[in-house]
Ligand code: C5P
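This document opens with one chain alone, in structure tokens, the form predicted alone.
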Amino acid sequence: MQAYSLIAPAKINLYLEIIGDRPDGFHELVMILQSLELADRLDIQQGDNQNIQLYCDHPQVPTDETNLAYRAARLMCDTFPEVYANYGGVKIRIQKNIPVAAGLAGGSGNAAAVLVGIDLIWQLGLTRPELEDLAAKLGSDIPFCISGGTAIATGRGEKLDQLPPLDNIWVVLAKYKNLSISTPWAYKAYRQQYGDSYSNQAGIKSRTAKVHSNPLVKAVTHKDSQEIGKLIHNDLEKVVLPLYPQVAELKSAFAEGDVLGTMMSGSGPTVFALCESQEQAIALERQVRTKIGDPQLEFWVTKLSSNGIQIEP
């Protein structure tokens, strides 16, 4: 019976700029996305019936059709019905290492891994662009999770252009266990507060012409970690930090340490700091943990990664 173990990395945003509204109701975005070595593991195997069976070792992760990994399996069954009828369903086991509801694309990465795993089990031979097209039907982050590494994302986040990989920077992540922030709320709040500046097509064209990501793209291309730390940017901080003082305090605590730069990832609530070495990252974690001293605050020390979904040997 065919089975594969896959590694699904977490993701942070090094850059997030909101350009304007799209006709489909989403926002037009420019983002620089980055994979991390922190990753979930998925074991995917051919099932013994036509069912999709999903298991997870984390109690907060649903195992029904509300889970993106389940929906990814269902999408493959619906897209390739004859192959599905021949091979049957799948069993999926998720080992969670990425924190839940953290804005680190844990669910998106799991869905990407399921697409890749079923492609392998069913011997479909799909190309990366074909997998990314399927992934875009499930969510804006999922196409990036297929290939991973470092990429600039436009549109609603699904149009990708790869950048030279970054793997020489360490990262400290921190998140309060008892805090979650709704991504739809964050974008809605941004639209309510700043929508007047991009509410018409002329405004969108003007803002697009003034996108500020180019200096960071140049820094990434040259692997200039000092410049990367200075240029990271997230528009959603404007609406999240004023209403979530814990997140703002966490960012300030990181900024007091020996860091290249610090920022909230996506819509939060995770805050990350970039460091030049593992030693600096570990020291920073200890410093911030001591300063804040909240038992609800969790930390992860990891590194930037050039990988997307990988088959575990």
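Note that residue numbering begins at 1 and tracks the sequence as displayed. Worth saying up front: this structure is predicted, and the values here are computed from it rather than measured.
As for the form predicted together with the ligand, it is not shown, yet the points below apply to it.
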Subject >> Partner-contacting position among 32, 61, 247, 29 - heavy atom within 4.5 Å of the ligand in the predicted bound form >> reply: 29
Original post:
Considering 129, 242, 184, 125, which brings a non-hydrogen atom within 4.5 Å of the ligand in the predicted bound form?
Top reply: 184
Subject >> the ligand in the predicted bound form: contacting segment from 220-228, 161-169, 87-95, 137-145, heavy atom within 4.5 Å >> reply: 137-145
Original post:
Does any heavy atom of residue 156 come within 4.5 Å of a heavy atom of the ligand in the predicted bound form?
Top reply: yes
**OP:** Let me know which residues along 270-305 have a heavy atom within 4.5 Å of the ligand in the predicted bound form, or say none if there are none.
**Re:** none
